[in-house]
Each structure stands twice: as C-alpha cells, then as structure tokens.
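Take a look at this one chain, the form predicted alone, written out in structure tokens.
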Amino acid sequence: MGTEPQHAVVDGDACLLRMRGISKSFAGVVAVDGVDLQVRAGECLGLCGENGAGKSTLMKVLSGVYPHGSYGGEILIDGVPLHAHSVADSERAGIAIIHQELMLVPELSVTENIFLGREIRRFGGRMDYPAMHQRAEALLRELGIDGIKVGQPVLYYGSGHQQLIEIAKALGKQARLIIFDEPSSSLTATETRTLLAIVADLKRRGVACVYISHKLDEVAEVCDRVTVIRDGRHIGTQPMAELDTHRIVTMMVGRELGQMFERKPHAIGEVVLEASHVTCLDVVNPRRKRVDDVSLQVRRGEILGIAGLIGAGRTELVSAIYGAYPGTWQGELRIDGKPVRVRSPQAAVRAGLCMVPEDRKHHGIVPLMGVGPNITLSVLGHYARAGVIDGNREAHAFHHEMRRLNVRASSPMLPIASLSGGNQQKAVLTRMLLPEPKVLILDEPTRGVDVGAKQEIYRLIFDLAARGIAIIVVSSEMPEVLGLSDRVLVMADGRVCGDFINDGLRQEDLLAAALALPHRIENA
C-alpha cells in the first residue's frame, strides 16, 4: 500500500524533481515517513491527504523551511542533489512556494512585494523603481492579469488579487517548480477560474506545479497525476485520468465515506434568538452600510443557513449579533423572548450565545497556547477556587473534551498552532460548546478542513440540533448550506433577499436570489 503502482512511476531521467525516502520527525513524533515524490517539467501534481497527513511538512522540506540535515532522504533537481539550508537556497534552485497564508507586506507596493529581497538597484545602491515597475507589469501581463496598479500598496487589493500577485512574485524568481498550498481557500468562484487558467498556462510553458487542495474538483481539473499521503506515509500515485474524486477520498481517509450530510430528524421548537433591525457601518467608511436593517429569527433545534456572495454582509451580521463587530452597529436582540444587550463576546457567552469565527487563526485560537488551555479558555471560572485554577480539574476537562470531539494531538499542552486545520477547528468548536450555548453561530465551519474532518463536523452539527441548540451556519459553499440547513437566508449588499424553507431548494435558486435574478422557488 505504501509503494507507487508500477504504471504511475515516472522515468527518473524525465523528472525535474525527485524526493526519495523523505522522513521528518518532531520530538519523536513522525510527521513524514519515507515518502517519495516525482514531478516532471510542465506537469501539475496534485498532493492530497487529510489535515495532518504530512503534506505541509513535506513541502517545507522541499522549500528549505526545514534545512538539509534536519530530515532523512534526498532531494534531486534535474538529477543533482539539492542541499538547501534555507528558503533562499531552494529559490536559487528554482523552487517557489505560495502559502495558504499569503507572505505579502500589505503596506508595500505591488512592485516592492514582487521584488522583495531581489530589488533591482542602480549604481550606488539606489533602487531602480522604473525598471522594477516595468518588470512587474510585464509579469502581470504574462499571467493575463488586469486591473492591478503596480505602484499601489498591496492592502488596496482583495485576497484574490493578492494570490495572483504571489504567483507573479514566484515567476519573478524564475521558478521552475511552484508549490500551491490551498491556493483557492479564500477565492471567489471567478477568481478560482482565473487561478486554474494560470496553472494550465504555467504547465504549457514548462513550469512544474505541485497543487495541494481539499477541493478535489480543482485537483481533477488541473492535475495530471495525484499523490496521496496518509499519516505521513505514501499511499499511492496515479494518473488523474484513472481516478475520480470518490477514489481520492477513499485513499485519503483509508475507508469509504458515507453520505456527507447524514441528516437526522430533529424537532424545531419555539424562537430562541431574535435579531431585529441590525445595521453595521463600514469600519473605514462609516457612510457605507455593510449590513442594512436585517432581521432574523432562529428556533430551537433549527439549523439556519446564511448564503450569499463575497461582500454580502454575512460575517458582519453574525459578528454584530455576537458582539464582535469592530465598527459601529445597532440592532435589538432577544433570547428566549427577553431583551439582551450584547456588546462583547463575553456578554454574548453569558447570554447563551457562542460563535466559531470565520478566521480561526486570528480570532479563534491563541496559537502558542496548548490545545487543552485553548479549549477551556471560555469557562476558566469553572475550574477556579478562590481565584486559583485547579489544574487537575482543568486537565480532566482537557482529556474528556478532546476525546469527545476526536481532537487529535500527542499532548493537551502541544501548541495549538502545530495542529492541522481540522483539529484546530474541532478544538475551537469544543471551546464554544463548553458554556452549553442556546444559540451556536458557525461562520465558515469547514474552511481549510479536509473531507474526513468535514464529515465529523457535519455529524456534530446535526447532533447539536437534535439536542435542541439553535444553530446559524454561514458558508460560501452552497452544497454545504443546502446539505445542513432547515431554512436558508440569502444576503446581498447587506440585505436579506431571500428566506427559504429547504425543501427541494437548489443551488441555482440561492444564486439567483443572491444576484437578484428572476428565479423559481417552489417552496418560497
């Protein structure tokens, strides 16, 4: 099972990259165990596996983040051993990595970011901005990218354009192999189409690509072969033409996955949360309304999905309800029919309202704190006596809650930042369940999470609804909204433009509502 099928082996002489027997451990824990990887020039190799499978570790070995000597095995570029002691060494060998968390300096211009560390200088050491601007514009033209002014700061552009700037930066380094790590996780559908077209063009120009993504439809479209790793071991490499997404999933998780959305019958009771006339003003431009007079109700045991396009105001709405909106907002909240004043997340939790935020890395976790302490953070008072934390009681809670939601970590004191995205998300979910909320808001609950962890999270959501918790799910993935929700609100331009019972509801109905197009809703 751990060796490549014979038909998938690439002739070593034809390879741009060969990784042989790569192994990497951390404090005695094996993260990558004897993995082989081969990529030809002009080929896109999909690298798939669950969160924590070892994909990122393997790519950090390749890109020089983990220097030569800190891992076992060997790396060959054009048959020549690569002994990279830094990222700069791997870049000189023609390897560039585009991380999921973009490595741009927001305050610097597009040009300055593209040439950061490789500035073109005039005699005397002064930077030659005209030459750099000209080259930056040429790189963007090569990628077919319009609408970017190279002299403007990167912060003026959204995540989609920033992703494209990262690709231009990689090309500017004369990269022969580009690693894409979850490149479309924050892109719109249109931006994703642009990205995939660029990858296809790079292949035609002879650039090799490694494409890491949980979005298997993208892998199927752009990759020539797919390598799957599980628990740090190589499971198999096969041509994409001989695979389908179902087979890839089975290889990733080591078992057949059942239906992703295993809905359970659950009673829907009386109204638990009522939000009335919620309006949020833009943080930068208070004359603009990000949410405009929105009202909603959620009932006991109901799963309310909130759909809409990027910028529709979904996250701003639920952030205000949770007391976490950074700008000015107004509105009225009632829980169990009683008015509540929620001006901070702490007040929301006291009122029985909890939220798992969209951006777990910045708003959901304390990165260097242990997994266990992250989980108990919301209810520390439960383990205190006379203001002093009872370590034994808290440790018991760590272990119990981590087992309950299958949060995988070698120790509760392991920094949570070292966990996979799926395990981080389950830890944040666990923390938000400890206060026993009446209402649970989940903003993009499966972003950056692999298919196995997704199914676990979906199962938990249905279980919570069956227990009578009112749940709000914000998601950019329409199949997820339809698979989870009893009722769906559609937002556009800060307003509710549709409120539908999920009975025969289709993706095109949601999209038509979000775009304010004529559509047919049989149950509206």
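The first residue of the shown sequence is 1; numbering continues from there. A quick note: this is a predicted structure, and the numbers were derived from the prediction, not measured.
Absent from the display: the form predicted together with a small molecule. The rest refers to it.
The listed set 389, 414, 347, 309 contains one residue whose heavy atoms approach the small molecule in the model of the complex to within 4.5 Å, identified as 414. Checking 57, 475, 63, 38 against the small molecule in the model of the complex, a heavy atom within 4.5 Å turns up for just one residue: 57. In short, of 273 to 281, 238 to 246, 418 to 426, 332 to 340 it is 418 to 426 that has heavy atoms within 4.5 Å of the small molecule in the model of the complex.
When contacts are judged by a 4.5 Å heavy atom cut-off, residue 46 does not count as touching the small molecule in the model of the complex.
In the model of the complex, the small molecule sits beyond 4.5 Å of every heavy atom of residue 431. When contacts are judged by a 4.5 Å heavy atom cut-off, residue 480 does not count as touching the small molecule in the model of the complex. Mapping the unseen interface onto this chain, residue 494 falls outside it, with no heavy atom inside 4.5 Å of the small molecule in the model of the complex.
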